[in-house]
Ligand SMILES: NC(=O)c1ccc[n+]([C@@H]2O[C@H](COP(=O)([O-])OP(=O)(O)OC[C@H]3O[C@@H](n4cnc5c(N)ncnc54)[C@H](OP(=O)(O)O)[C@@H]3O)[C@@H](O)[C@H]2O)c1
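Here's a solo chain for you in structure tokens, the form predicted alone.
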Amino acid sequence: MTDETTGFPSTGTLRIGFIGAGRLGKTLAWGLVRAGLDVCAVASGSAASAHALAQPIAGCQVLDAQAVVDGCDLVFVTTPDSAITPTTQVLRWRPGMASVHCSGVTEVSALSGAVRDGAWVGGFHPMQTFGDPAVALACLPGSTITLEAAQPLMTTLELLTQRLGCRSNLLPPGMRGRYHAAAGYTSQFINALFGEATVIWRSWGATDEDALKALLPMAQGTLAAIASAGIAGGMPGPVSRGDVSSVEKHVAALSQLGEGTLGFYRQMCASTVPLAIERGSINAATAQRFLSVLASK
């Protein structure tokens, strides 16, 4: 049945397939099924991965990639980024169906094989981490999914996003590199911050487990403050309250651990100074005092 408002099969009758059965593919497929949608087929270079995706889904078949395309209205291409173009180019698509990749950084034009055959194409990137599909599935509701597509496919992708309990972020063409880099600041760069912090904890004999048990609740508190008061308004720490003497003590203490540790601190701390100005808790003179301390040898 076709939705008269979109010209695309309605979500109630939409046959969804997956090419690629990695962690993102599993999470998204299971999420769509949980939302009452029909995920009916999967193909993967790894038979074990395909069966792992399909096994919890009633009626989901493990097929070859062409059979997935032939039997579905909407195919999510959840292969590694480098495989998106070669995978889609060798398949035969058809007008009236859609091919959608889930990469954050790869342009939608990578689906050139589907475009060649008259299919609609789009991007559908969940802003979530996928280290463990079961954990990612639990975290998916409330997440943002970045969409890029022309009508009528865009309307369908927005409806799927709503069914997943997520919010939509619409991205114009050509912006995926910037968008994906920005997402990295609040995903994998957090790992680097924790890594640097645990290096300091090890210096007095603490373990990484000790560090994480102490630091994770504090990080969660900071995230809650950001959600409540915004980036600048929710920022804690000595810079946010104009405490130059504490930063002086930090610089003196970290200088004993080498330039790598101290240099990282200098860069991170300096980046919080403009936020404190925006917050209204320090003036230009205090900001300069912070920067002078951070630049001192």
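Small disclaimer: the values here were computed from a predicted structure and weren't measured. We number the residues from 1 along the sequence you see.
Below, we refer to the form predicted together with this ligand, which is not included among the displayed structures.
Novice: Would you please decide whether T78 lies within 4.5 angstroms of this ligand in the predicted complex, comparing each non-hydrogen atom pair?
Specialist: Yes - in the predicted complex, heavy atoms of T78 and this ligand come within 4.5 Å of each other.
Novice: Is P9 close to this ligand in the predicted complex, meaning a heavy atom pair under 4.5 Å apart or at it?
Specialist: Taking the distances in the predicted complex, the answer for P9 is no, it never comes within 4.5 Å of this ligand.
Novice: When the contact criterion is heavy atoms within 4.5 Å, does G233 count as touching this ligand in the predicted complex?
Specialist: No, no contact at 4.5 Å.
Novice: Consider I16 of the chain shown here, and say whether it contacts this ligand in the predicted complex, taking contact as heavy atoms within 4.5 Å.
Specialist: Judged by the heavy-atom cut-off of 4.5 Å, I16 is well away from this ligand in the predicted complex.
Novice: This ligand isn't shown here, but in the predicted complex which of T161, T146, T87, T198 has a heavy atom within 4.5 Å of it?
Specialist: Of T161, T146, T87, T198, the residue with a heavy atom within 4.5 Å of this ligand in the predicted complex is T87.
Novice: Pick from Q55, S46, S228, S245: which has a non-hydrogen atom within 4.5 Å of this ligand in the predicted complex?
Specialist: Checking each option against this ligand in the predicted complex, the one that comes within 4.5 Å is S46.
Novice: Only one of 124-132, 149-157, 219-227, 201-209 has heavy atoms within 4.5 Å of this ligand in the predicted complex; I'd like to know which.
Specialist: Looking at the partner contacts, the answer comes out as 124-132.
Novice: Which residues in 95-112 have a heavy atom within 4.5 Å of this ligand in the predicted complex?
Specialist: Stretch hits, in order: C102, S103.
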